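Before any questions on binding or motion, here is one chain by itself as structure tokens, the form predicted on its own.
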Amino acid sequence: MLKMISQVEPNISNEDVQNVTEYMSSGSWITEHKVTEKLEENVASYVNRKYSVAVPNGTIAIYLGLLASGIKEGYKVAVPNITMIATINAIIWAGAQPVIIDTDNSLCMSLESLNSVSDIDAVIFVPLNGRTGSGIEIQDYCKKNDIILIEDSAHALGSSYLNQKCGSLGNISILSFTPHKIITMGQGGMVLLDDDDVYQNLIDLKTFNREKDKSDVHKGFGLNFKITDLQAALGLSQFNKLEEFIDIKKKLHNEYSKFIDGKYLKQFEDIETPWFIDLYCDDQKQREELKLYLSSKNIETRYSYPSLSSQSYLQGTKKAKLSYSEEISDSILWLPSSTNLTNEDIKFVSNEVNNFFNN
């Protein structure tokens, strides 16, 4: 029987297990405390941010980033048409109005499309799959027009723009640590920022808006969005291997590039870290046939995100012209992209991809 090749899976080592076990044996109270603080400090330093705030997941990170920045009902927030659904749902959750913007051929938000809409209060830029697109140009555009810029960098820890790391773009950046991200702690997210006032707003929103620590007197509305040191122990152990994982991800793409024609395999810049290996098919029908064929060979793949504009519950959402993203979103297939893959796995997958296209 053929070996099952997963599209993605977490890379948990014996060292990770040992680090979590040592924490569990330490007599700590498990809840968010010193280990979480250390993880926050390390990630903030890595991306060159002043503050880092750990939260339960990336969706909550975007939501709290919006609220702490003052985004609320009546505000318009631009979002790219190709992104995970959490990006737009966080805008709706915050009570703001999303405006869907087209992407360019990097699959990131198009500056030209963004320019075509007016009265935008905030932009969420997504370096999709680790690609950085027009991120720097959109950062400059937002500064010039006094627009809040939030970077949804859930896919992009380890990627860089020309002179700064993903996680440092604009006013606020967010990260995600779900099992298929480059590092994981099961669930988890992070908000990264530099502004003192917005940081204090975030802490208040995250910790019941207490008058002071451990007090049951509250300055105003707040909720509980803390994580645990148990999660952070795994996150910290994984973070210590980040450069190793970045190197593996880049080597995965290089190996695939040896075997699969460049007209099918989407490329990356040297400063970008591939999150998933993406393959371009001619159309939706061919993509479906390829997915079925690879599945018959025990190769698991995944469709890329459908366009937001295709989601039934978002049909009434304000949109720019979406000619590129609506067409391209139905043609992308994500190949196996795990840091656990061997060169033999990649060669096998590539050969089966070539068999499909050649026949």
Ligand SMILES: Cc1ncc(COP(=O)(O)O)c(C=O)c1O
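Model, not experiment: these values are computed from the prediction. Residue indices: 1-based, along the sequence shown.
This protein has a second form, the form predicted together with the named molecule, left out of what is shown; the following refers to that one.
- The partner is absent here, but in the model of the complex a heavy atom of Thr59, alone among Ser329, Ser69, Thr59, Thr301, sits within 4.5 Å of the named molecule.
- For the candidate set Lys249, Lys76, Lys206, Lys181, a heavy atom within 4.5 Å of the named molecule in the model of the complex is found for exactly one residue, namely Lys181.
- Three-residue candidate spot Tyr51, Ile147 and Gly170; no residue lies within 4.5 angstroms of the named molecule in the model of the complex by any non-hydrogen atom.
- The named molecule is not drawn, but in the model of the complex it has no heavy atom within 4.5 Å of Ser159.
- Residue contact with the named molecule in the model of the complex: Cys166 places no heavy atom within 4.5 Å of it.
- Taking the partner from elsewhere, His155 is found to have a heavy atom lying within 4.5 Å of the named molecule in the model of the complex.
- Contact check for Pro274: every heavy atom lies farther than 4.5 Å from the named molecule in the model of the complex.
- Contact with the named molecule in the model of the complex, judged as any non-hydrogen atom within 4.5 angstroms, is confined among 84-92, 194-202, 110-118, 285-293 to 84-92.
- Along 281-306, a single residue, Tyr305, places a heavy atom within 4.5 Å of the named molecule in the model of the complex.
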